[in-house]
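Alright, two takes on the same chain below, each alone as structure tokens: structure 1 and structure 2.
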Structure 1
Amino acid sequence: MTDRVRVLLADDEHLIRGALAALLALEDDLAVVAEAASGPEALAMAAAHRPDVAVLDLQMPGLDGLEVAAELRHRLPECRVMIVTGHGRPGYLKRALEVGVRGFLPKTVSASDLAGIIRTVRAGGRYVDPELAAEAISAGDSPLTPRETDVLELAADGSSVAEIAERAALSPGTVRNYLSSAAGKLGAENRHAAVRIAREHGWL
């Protein structure tokens, strides 16, 4: 175990996290030492198990991947952090790099590629998915937080605040606050206009 790369997997989607853990377990030099389903749990597991590499989902309950990465940079600086996103979200690449993230890649990456990237990051290298990098250059920086983006994306299909709250596991009041904040940052008169503006810039 001491010669293996110790990996923490954090993703609130249990099936995805479990599948990744099972696939990485097939690699002789990698060991998944902890799993987490939320940002706070990821921080707790990192403190308890001191992984070499933390693979974090961008969107997580409690704290998002970027917030966890920023905390780990201070609490566990020897731990390398990778962000995996299912939404592309090119607007977050610069912010991820600013908080010390060493890898930024889509969830569509294959298990073998992920294993290789974990090794690269552990060795001090950096990996940014080429397509996400190209999209980030054209999209510019998103002014929205990952949580605001998540809630705005849920609003894109015309869902009510109550429906969004249920799907995001948040209170209706919190959802309204996120939607209001997102609209304000985008200079939009309402959430529907905010969705349109964010999509035009590649932030959704």
Structure 2
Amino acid sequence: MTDRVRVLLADDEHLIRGALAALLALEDDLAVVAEAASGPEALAMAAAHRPDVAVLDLQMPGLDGLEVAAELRHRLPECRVMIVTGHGRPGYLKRALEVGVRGFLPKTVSASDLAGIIRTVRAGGRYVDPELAAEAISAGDSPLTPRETDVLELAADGSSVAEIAERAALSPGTVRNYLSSAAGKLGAENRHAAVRIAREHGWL
């Protein structure tokens, strides 16, 4: 038998991370060699312990799971990356695949499933939760241009057009044009509904 699969576990919730580590430790072909509670810490631990598989939570302080995945791809190309997420918004899946993530699953899977998927990924396979995949396909790509997305993002906290314009270094009129266009593409009545819709699709 080969060496055990070396796993890095990153999740900001100690309770979850600890519990997960304990569960995975029960599998005798898996070894949790590092744990991290934040994005930057995950990168540091990965560099130090060179795991075979990194299991990353999507929402973490500092860098989120996707950003960590993107970094790992460059710094540690031989390390396979999996993302685990609580509420799976479709857009994230697409972005995850773009940065080379091999596994994408919701936290509703069972522990034994998780262990199995870790083995699959370790062996070079991929796994995407069927339900999340279906959502992603039905949601499709964002119809927004990069700039529209930027501006919508700046509008997300309820700022006025003037504030958005200043933060984006644009003219207020241009900002309104982008917002109007974005709302139109998303079928929203106004920019705030547009923000909500874009969020739901993971386009924000």
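Everything numeric in this text was worked out from a predicted model, so none of it was measured. Rigid core (definition): largest C-alpha set, two forms, superposition within 1.5 Å. Please note that residue numbering is based on structure 1, beginning with 1 at the start of its sequence.
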property	result
Structure, 1 versus 2, that is the form predicted together with the DNA	2
Rigid-core frame, C-alpha of residue 184, shift of 2 angstroms or more between the two structures	yes
Threshold 2 Å Cα movement between the two structures for residue 48, core superposed	no
Hinge rotation between the two structures - smaller rigid part turning relative to the larger, in degrees	68
Following rigid core superposition, Cα shift of residue 142 between the two structures in Å	6.0
Cα displacement of residue 158 between the two structures, once the rigid core is superposed (Å)	11.6
